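Below you will find one chain, with nothing else, as structure tokens; this is the form predicted alone, and questions on how it binds or moves follow later.
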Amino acid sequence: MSAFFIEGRDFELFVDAVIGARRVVGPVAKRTKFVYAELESAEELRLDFDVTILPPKKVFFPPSQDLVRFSDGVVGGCIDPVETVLLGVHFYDVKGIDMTDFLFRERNEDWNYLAQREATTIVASSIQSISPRAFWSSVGAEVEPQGHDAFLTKVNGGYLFETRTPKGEALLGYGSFREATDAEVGAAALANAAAMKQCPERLDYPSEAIAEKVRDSFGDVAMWDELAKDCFSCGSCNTVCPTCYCFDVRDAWNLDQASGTRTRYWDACLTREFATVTMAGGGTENFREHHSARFRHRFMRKAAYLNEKLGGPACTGCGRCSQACTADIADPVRVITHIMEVSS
């Protein structure tokens, strides 16, 4: 890893140069919120964002993604990666990308995801503003973000640019970078350490203890009924989660009834239809019919089931689910703290 510095006045020129050469996706303002979108100019980039509505996984795993197109018995794939720079990703979202990287590569590699992932350079960035529901400083501390190619930290007078891979180093040619001084490296370390102390929410228990207690709470039906009593089963918490990866696959036939498209769509385990399966004779069965069972399943997945596989919880502490929940009951800090307290 090498550290470089770029003056603030030169940073926009650098971003514009990258935009001129590649597709660049970064955080932009959308009214009072922020979203990841393709940049047309450096002026659109908002590295002072707190959290985006949807996580950056949508660059590789979009909400709607064509898998194959078919016509008269001929089937063709839809994999068409575009060289992309994903600029401005907070560390907790890098951790989310790391998890989806692993899950889409495990066993049968999913190249509908991996092709675009491998064509993308990720530049992480320091956290300048804190989301009001964030708790990333106290969840999964044992898991370090790995999947970024460079890290950008705003310091006095400009930005420290730390390269981590050859893909990150390749971006240096687009800007007026020089080697960073020890003082600039130190200032960046202090800025990132200070951000870790500013989360408004906090989990006061280690991941291993949480996983054990959450698993042990599975049979406490009354508790889960109470925690989920206001759930609308809307799936908003799933939709905004950086580590949810379930999808539904549907075929759409054209009017000629000989051609069409197979497409996958994000799916949500909180919705009623998610756990409905077809039975013999045309009937159906829902193996998580009550919304509290679906609510419980989500927390089992995020706090316990995947820990051994991922090295820590499948939650990054971004707080998106808390903000998206209409009933304001999805907050992992509230739910997990309750479980830890009633189970102690």
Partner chain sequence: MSCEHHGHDNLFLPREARILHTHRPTASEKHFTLQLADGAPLEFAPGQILEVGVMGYGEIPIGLASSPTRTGTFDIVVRTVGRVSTAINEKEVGDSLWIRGPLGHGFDLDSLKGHDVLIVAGGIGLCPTRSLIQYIEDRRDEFGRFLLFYGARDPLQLLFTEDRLHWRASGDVEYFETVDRADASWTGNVGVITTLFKKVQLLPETRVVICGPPIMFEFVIKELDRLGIVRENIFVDLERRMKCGVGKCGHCQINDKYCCIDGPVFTFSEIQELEEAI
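Quick caveat, the model's predicted, so the values are computed rather than measured. Positions refer to the first chain, counted from 1.
This next part talks about the form predicted together with the partner chain, which is not shown.
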Q: Would you kindly say which of 42, 47, 310, 67 lies with a heavy atom within 4.5 Å of the partner chain in the predicted complex?
A: 67
Q: Quick one: from 185, 103, 172, 211, grab the residue that has a heavy atom within 4.5 Å of the partner chain in the predicted complex.
A: 103
Q.
Just checking whether residue 128 would be counted as a contact of the partner chain in the predicted complex - the rule being heavy atoms within 4.5 angstroms.
A. no
Q: Could you confirm whether residue 156 comes within 4.5 Å of the partner chain in the predicted complex, counting heavy atoms only?
A: no
Q | Contact test in the predicted complex: residue 227 vs the partner chain, heavy atoms, 4.5 Å | A | no
(Q) Under a 4.5 Å heavy atom criterion, is residue 296 part of the interface with the partner chain in the predicted complex? (A) yes
Q | Segment assignment from 135-143, 160-168, 89-97, 103-111: heavy atom within 4.5 Å of the partner chain in the predicted complex | A | 103-111
Q) Taking the partner chain in the predicted complex, which residues of 78-94 have any heavy atom within 4.5 Å of it? A) 78, 79, 80, 81
